[in-house]
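Only one chain is shown below, in structure tokens, and it's the form predicted alone.
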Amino acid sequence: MVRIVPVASGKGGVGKTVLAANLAVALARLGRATVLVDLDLGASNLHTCLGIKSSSLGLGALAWRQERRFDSLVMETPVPRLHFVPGDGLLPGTANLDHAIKTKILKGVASLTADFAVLDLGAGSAHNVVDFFLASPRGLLVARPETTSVLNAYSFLKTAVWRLLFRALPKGGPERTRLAEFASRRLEGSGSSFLALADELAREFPAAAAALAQLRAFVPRVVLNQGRSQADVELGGRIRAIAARNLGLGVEYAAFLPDDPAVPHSVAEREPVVLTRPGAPFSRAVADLAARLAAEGPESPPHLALDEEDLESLAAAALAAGDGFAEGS
């Protein structure tokens, strides 16, 4: 069964697409059959990170019903064991998928004959983006260690938790009404959380037990990108704290990617940095992330640290590697 790795961000400009492309390449180089899917619909540019020319046949053709089968959109790339599904930002209206097309894409991704499907999602918290992110309970959320990015990452998680519960609760039932009332009030500083609400609903309504189970299984992974210092580690750690306090949500840190001049060079060259500069600090951090994902089983439990030990250890390795920026670039 294919393992789905959605890659999202609360705002644009944090390096989400660059990470998705390089992570997919790194997984393929580990011998894992990988499909990279451009789901940043309306702003599709993932092909440029791979050095592939834009194709008119992509998810836009599926959205406009010019193509009926998802698997017919899968194309080969120059990287062995890596395939690609274009997004087609050239066709208008692609960003606004209807429910039927979104369902078809999700089913198509789940049925891929591959080890991994890496999904590059759009920035922000639109419902289509969040629904694709919820295709896995442990998707990657990319943020930069700056206050606006941290707050946007938290906002994304808040929307994802609300959307997860809304979809899991029965249609037309009192459970959704209670959820709507809860969400209409200011959550921050209230002393309550979505997890507390879900637990309360599960005690009152047996049908809400499934929603509670899904929420407890939802452990998103944060990737801090363009990190430079211990101060960045401390700022990035705020995501876990506010998510736990206001959402009742566990967060795992997946990677600390150093600010590396090799990355913008690779973007300008339209080649993945893990291929052109494998010794660069960014490339080594992405390769480590890919190796951890490849070593996990589908049921591997998340690593929920009680403090920042996971983030601290990831950052220590990345910042130490950062001493070699000149050599890596």
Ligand SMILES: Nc1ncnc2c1ncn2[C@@H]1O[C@H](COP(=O)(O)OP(=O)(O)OP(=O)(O)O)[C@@H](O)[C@H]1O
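The first residue of the shown sequence is 1; numbering continues from there. Bear in mind the structure is a predicted one, so any value in this text is a computation, not a measurement.
Omitted from view is the form predicted together with the ligand, to which the following refers.
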query: The ligand: the contacting residue among 264, 31, 297, 279 in the predicted bound form [heavy atom, 4.5 Å]; finding: 264
query: Residue among 87, 236, 220, 258 with a heavy atom within 4.5 Å of the ligand in the predicted bound form; finding: 258
query: In the predicted bound form, segment of 203 to 211, 176 to 184, 242 to 250, 223 to 231 with a heavy atom within 4.5 Å of the ligand; finding: 223 to 231
query: Exercise: residue 123 in contact with the ligand in the predicted bound form, heavy atom 4.5 Å; finding: yes
query: Residues within stretch 13 to 39 having a non-hydrogen atom within 4.5 Å of the ligand in the predicted bound form; finding: 13, 14, 15, 16, 17, 18
